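Single chain ahead, written as structure tokens, the form predicted alone.
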Amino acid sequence: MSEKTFLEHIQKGYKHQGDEIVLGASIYQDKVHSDALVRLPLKTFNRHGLIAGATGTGKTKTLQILAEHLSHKGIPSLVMDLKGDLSGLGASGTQEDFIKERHQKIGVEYTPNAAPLEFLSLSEEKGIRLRATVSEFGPILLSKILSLTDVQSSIMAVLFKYCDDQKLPLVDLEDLKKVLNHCITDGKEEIQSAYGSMSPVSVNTIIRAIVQLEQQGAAKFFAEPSFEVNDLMQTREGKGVISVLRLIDIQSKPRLFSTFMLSLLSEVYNTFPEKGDLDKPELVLFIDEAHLIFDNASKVFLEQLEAIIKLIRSKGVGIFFITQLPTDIPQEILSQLGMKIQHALRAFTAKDRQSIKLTAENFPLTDFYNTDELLTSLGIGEALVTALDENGVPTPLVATYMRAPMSRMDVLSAQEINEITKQSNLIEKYSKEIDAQSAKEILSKKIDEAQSEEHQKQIKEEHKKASKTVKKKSVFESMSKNTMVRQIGRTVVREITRGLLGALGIRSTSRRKKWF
């Protein structure tokens, strides 16, 4: 195909009516064409997307470009920072020679600029701690996270119903374990009469699944105050705030990561109002190292995630997955991603070559490129791109020479991160963990009261026995006229009563040790 035909093809395919982001310039026959820019329409950012490529090919910089340009368009976003290299979004870039040269080829001016940031965390990283309560998860979502069977899921549903009926708030995982134990111990008869019997084996299996989740740090996530997803919608001076979720210590805890992600997406879907077909998205989520969500994920979990991804775009929310291979994403979810930005892949093994062939099949057919070969020959900062136009029609597949990020292409210092954290509008709202009375404390109190009632009943019975003994001795006294004999009778009664109370005292002490 001639160069003229190619240029006409790209110019027509990437001509949009509404607002857009210029990603870079097209490449054809080893030449960068500044008169055929690759433009991404904001209107279709809620149709979701994929950023893929081998390590070191520029995936993170592409994420950075999209997030900062969305911010300058007034659109907030949430980015998952699992490698710790996205904090640079909060500082302006520098006019390096290689950046100037790149932008001269593209034909777009380079303007260093920073974006407003909010740092978030699931663990001990700097930033606002994200939390949620067990009650907010609900029995269905929690059962999916724990990979429970149908029988075990039904037990979880009954447990939540019991807690609702008894007004027992489920805040953290300790609450959940306490109620589960109560179902097969002290509360067994009460629950069985109202909701049916529960297998202790199934209940103990659920408890073990919860312990596994706790071992990945979930105990810190399930707490109060809960994070409100509307706080992701901040803007400052007309720019959308980029919420950077620092997850450097989460890569070894995929269950915690997937728990958070499903919780977040469910909360966004349930909280945000229906928006219909907007001219630009309300919020965009960038999920880096997306394979952590899908590795070893259950079928039920994937079905839930697929349903949310299909429906959440009507809320004006776009989701971008960032991973090495498109095959890391389940086919059902991959088919929902309208924008694909594919960086270079490496063919070191037969399996790699097979993955490249499968990746090439995910792109629209083209007469201008040999997609299989191009995937292995792209340079750093180059990518194959296809998106959707305003009518939902895929744009032509084009090799793209990417622009550079306007923000710093390096991390912020610890001092810079501290300064941004101190300036947060949300730090006071989420800085302190709330330790309110919840199911664990309420149940413990009820059990203590029940034990106390039983204790009082025992005391009354012992007193009744003592009274009978006293009555017998009184008869003995009336029959005797001897003063010494009467004194001996009183002494016997006193010693019997003291012995009884002493035994009760021992029981009371042992019970306190057990329950307090």
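Every value quoted in this text rests on a predicted model; they were computed, and no experiment measured them. Start at 1 and count along the sequence shown; that's the residue number.
Beyond what is shown, the protein has a form predicted together with a small molecule; the following relates to that form.
- P254 falls outside the set of residues with a heavy atom inside 4.5 Å of the small molecule in the predicted bound form.
- Using a 4.5 Å cutoff between non-hydrogen atoms, F348 does not count as a contact of the small molecule in the predicted bound form.
- Contact annotation: L311 falls outside 4.5 Å of the small molecule in the predicted bound form, judged by heavy atom distances.
- The small molecule in the predicted bound form comes within 4.5 Å of a heavy atom belonging to R403.
- Only one of G381, G187, P396, P139 comes within 4.5 Å of the small molecule in the predicted bound form through a heavy atom, and that residue is G381.
- Proximity to the small molecule in the predicted bound form, defined as a heavy atom within 4.5 Å, holds among L40, L37, I27, I65 only for I65.
- Between 192 to 200, 404 to 412, 111 to 119, 223 to 231, the stretch whose residues reach within 4.5 angstroms of the small molecule in the predicted bound form through a non-hydrogen atom is 404 to 412.
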